[in-house]
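Shown next as structure tokens: one chain only, the form predicted on its own.
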Amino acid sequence: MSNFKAYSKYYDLLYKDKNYKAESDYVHALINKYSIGSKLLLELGCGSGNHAQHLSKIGYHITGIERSEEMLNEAVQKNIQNFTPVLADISEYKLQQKFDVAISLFHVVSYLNSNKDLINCFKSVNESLVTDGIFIFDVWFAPSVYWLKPENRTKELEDEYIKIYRQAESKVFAEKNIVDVHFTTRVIDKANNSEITITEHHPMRCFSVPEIDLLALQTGFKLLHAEEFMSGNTPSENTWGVCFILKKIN
């Protein structure tokens, strides 16, 4: 997404503790359950290609859509096999190829704050899928957001070249189902001790299961299943991220 433009070059360091392999294996298991034998994947919001890197090793051919040119360049530099990057907005793209499965991970769909963008995105996914194609994505879960409430967080990371200090402060706009996350990121160059500060807003929409069910019906899908991301547990007020599996029905 465009929100990552300023620090796309630091993105992989910021999320080096994220287990992309485990998440990719989890998605692979879902595909084998709901669309066995599928190999053609469309990834919405592919970012710097970390999921695609692992999924390609399992045997998938992936087309990744990413709005941020900087993030896409990071992905291209990784020389991922069977990965085709496309610079486009996930709410208004057009592709000629049809795919078995569409995926969107790391709550990319939660960045679609308006109903218009959501409907446009889901309709585009529907048009991009083969008959009975599957759409797998995760989002922030509304009951958990209001039960647990977002916490302010601080993250410190470094490698041999830079140090990163990032502070996240959140404000909930309940009437819109939006959590506005404000990031302040300090990046220090170890070689010369120079420093830059990056500030960004990430407005994140949270969803309930009935809301996604209605959205699916409006855009030619059927909701097959919803579960806690990675664990497979039934969603509850303690479930921050929920994975949805939709099937194209028309």
Ligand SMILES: C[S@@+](CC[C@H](N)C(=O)[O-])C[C@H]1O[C@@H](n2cnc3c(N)ncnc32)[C@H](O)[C@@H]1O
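Predicted, not measured: the structure shown is a model, and the values here were computed from it. Numbering starts at 1 and follows the sequence shown.
Quick note: we don't show the form predicted together with this ligand, though the next part is all about it.
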Worksheet item: Taking 141, 180 and 235 as the candidate spot, are all three within 4.5 angstroms of this ligand in the model of the complex by heavy atoms?
Response: no
Practice prompt. Could you tell me which of 127-135, 105-113, 148-156, 171-179 sits within 4.5 Å of this ligand in the model of the complex, going by non-hydrogen atoms?
Written response: 105-113
Discussion item. In the model of the complex, is there a heavy atom of this ligand that lies within 4.5 Å of any heavy atom of residue 67, even though the partner is absent here?
Written reply: yes
Worksheet item: If you check in the model of the complex, is residue 74 within 4.5 Å of this ligand, heavy atoms only?
Response: no
Worksheet item: Any of the heavy atoms of residue 51 lying within 4.5 Å of this ligand in the model of the complex?
Response: yes
Worksheet item: Does residue 118 reach this ligand in the model of the complex, with heavy atoms at most 4.5 Å apart?
Response: no
Fill in: Those residues of 31-56 which, in the model of the complex, come within 4.5 Å of this ligand by heavy atom
43, 45, 46, 47, 51
